[in-house]
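One chain is shown next in structure tokens, namely the form predicted alone.
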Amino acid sequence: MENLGIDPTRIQVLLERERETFAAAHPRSRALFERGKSAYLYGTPLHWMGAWAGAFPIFLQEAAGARLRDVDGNDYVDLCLGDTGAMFGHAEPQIVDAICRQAGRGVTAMLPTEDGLWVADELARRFGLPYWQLATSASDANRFVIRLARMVTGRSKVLVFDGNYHGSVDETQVEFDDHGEMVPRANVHPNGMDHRQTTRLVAFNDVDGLERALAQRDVACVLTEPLLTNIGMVPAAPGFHAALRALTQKHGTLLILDETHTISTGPGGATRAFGLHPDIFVLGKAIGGGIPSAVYGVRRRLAERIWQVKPPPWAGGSPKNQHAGFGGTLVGNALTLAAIRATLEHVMTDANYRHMTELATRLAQDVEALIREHRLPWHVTQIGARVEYMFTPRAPLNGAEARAGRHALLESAIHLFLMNRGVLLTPFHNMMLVCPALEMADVERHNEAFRECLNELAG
């Protein structure tokens, strides 16, 4: 770990004080969490909910736009937004109306709807891939497209980059150890999978390593984010995406881009903003306004290869046994498609993205200025409506550098300090998301709390 620019004893003193402040302000949340320990395996419906700074999570009362209130009556500016799941804000009225209308007409019948046709046409327009399918999460979508890639290529391996985030897909739960060897990711059980048989791991931005891995011609697909987002943002180096596309084509490997986080870039994601050309495109979390959903699209030439292996019914395929290892009874249900249509039509608009990006830029600039003011060796990265700062002088080049720039106690101290002053950051890292409902006053509220925090930490 490089020099933080902060005396470690200050971090510990601040953290202990803020923990006491937090506990005093959240007695009902504490009581509910204690009750949850007897009902849930890890105290909450999803164990991640307990990952916030503090001895227990706050319990939600209600949320709207860029704000939420906990059961103790504390109000917050929400820069976490469900770790991207609510990237376009909470309880957005047009999405709520669409959900309520469709719920009154039926939620799921395993039948297509006209909303679904509108959604497919709009996805093709935005992202440039003509054929689409749905899933209930990006994790499932990634599982399905890996299966498709193996199905059409006859190859077994998946290539991912160290520090990736692709949900709970088993093949991706690997990382490099201190000796550069691929090992199961820390704190993730390997689940009986021999990753040596399923996965190749390469450092992000390492074109030579990518070439060596693909040259063995046993990799069905490369699954990647346009930039790494979950270990701390790791931007793509100049020329990396061009090399990635050229090498996958050279070696007959399919390229999958998972934009579940990088949809913060703009209405067409990083794919449209940066002129990328994946064979398969995956998008989850925010696409349905909070309703669990994901989409994946494929290029025409790939669709034709898929149809050769598994013909559709109108081309001679059997109408029976259509499962084929991907899908699900609730996938593409009427409620989900109504929510996706409302999100695409009314919320993921050019105007909203302009507002989100403008405020995110202001937020990034102000955080940078405060870091410089306190002479801290930290940096800030922005991608559209997503802003993150890390404790290194420059952006990391790969996952190993990003891991070296993390400091759990410092992150907890900052997060808890801000939470106690009504500002929520994403608990897993120093990430802030800007939704359409955020206002300049909310940015200024964060900045004032962050300034106060740095004053105490850095002196």
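From 1 onward, residues are counted along the sequence shown. Here the structure is a predicted model, which means the values were calculated and not measured.
Keep in mind that the form predicted in complex with a small molecule is missing from the display, and what follows is about it.
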The listed residue (90, 166, 157, 341) that reaches within 4.5 Å of the small molecule in the model of the complex by any heavy atom is 166
Sole residue of 256, 234, 385, 138 within 4.5 Å of the small molecule in the model of the complex, by heavy atom: 138
Hey, in the model of the complex, does residue 260 get a heavy atom within 4.5 angstroms of the small molecule? yes
Does residue 162 reach the small molecule in the model of the complex, with heavy atoms at most 4.5 Å apart? no
Wondering, does residue 142 line up within 4.5 Å of the small molecule in the model of the complex on heavy atoms? yes
Do residue 171 and the small molecule share at least one heavy atom pair within 4.5 Å in the model of the complex? no
Tell me which stretch of 269-277, 115-123, 222-230, 331-339 has a heavy atom within 4.5 angstroms of the small molecule in the model of the complex. 222-230
